[in-house]
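As structure tokens, one chain now follows by itself in the form predicted on its own.
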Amino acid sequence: MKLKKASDSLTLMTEIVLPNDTNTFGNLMGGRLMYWMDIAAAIASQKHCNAPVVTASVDNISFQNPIKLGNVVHIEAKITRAFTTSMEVYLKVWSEDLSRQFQYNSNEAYYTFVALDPNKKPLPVPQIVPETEEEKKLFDGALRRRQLRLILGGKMNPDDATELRALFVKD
């Protein structure tokens, strides 16, 4: 299977926060942002594997700053690493107050997607070749994040998480 660059999956999505997107404080609802992030991550995943994808997991999402009514939301999504049939997607979100010409960070997250064949069975995906220093850093950390997700999901025994163990246990 052909190797792909992380940059090939780069997806930039822009939305404006409208009244029906906000809570009673005039801030973008977290669920709406997560919905937009899911769309951006799905597009990046489909660009990478050229197949339909489904969301397998969403890592912790913490919000640094509220996004206000009328502000513009920018979501950047890019594949960090591909495993057998799954892909980790890194998302970075920032907002922009156009009238004040001010940008600020909102949050970051990792989503995992699985590619599906026409029978809706997991499909092997191309591997990633990281190029930039940031891509290499995200690529290297992806295996540890994956092991943590699998442990928390009850799909991996903590004793088998060799990458995570190396961080805490000296052999």
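None of these values were measured; they are calculated from a predicted model. Quick note: we count residues from 1 along the sequence shown, nothing fancier.
Here the subject shifts to the form predicted in complex with a further copy of the same chain, a form of this protein not shown in this document.
Student: Is it true that 38, 58 and 61, all three, sit within 4.5 Å of a further copy of the same chain in the predicted bound form, judged by heavy atoms?
Tutor: Answer is yes for this spot.
Student: I'd like to know whether residue 74 contacts a further copy of the same chain in the predicted bound form, with contact meaning heavy atoms within 4.5 angstroms.
Tutor: Close contact exists here: in the predicted bound form, residue 74 approaches a further copy of the same chain to within 4.5 Å, heavy atoms only.
Student: Answer for residue 43 alone: is it within 4.5 Å of a further copy of the same chain in the predicted bound form, judged on heavy atom distances?
Tutor: Yes, residue 43 is a contact residue.
Student: Looking at the partner-bound form in the predicted bound form, is residue 50 within 4.5 Å of a further copy of the same chain by any heavy atom?
Tutor: Residue 50 belongs to the contact set for a further copy of the same chain.
Student: Give a yes or no for residue 84: in the predicted bound form, does one of its heavy atoms lie within 4.5 Å of a heavy atom belonging to a further copy of the same chain?
Tutor: Residue 84: no contact with a further copy of the same chain in the predicted bound form.
Student: Would you mind checking 78 to 116 for residues with a heavy atom within 4.5 Å of a further copy of the same chain in the predicted bound form?
Tutor: Read in sequence order, the residues that approach a further copy of the same chain (within 4.5 Å, in the predicted bound form) are 96, 98, 99, 101, 111, 116.
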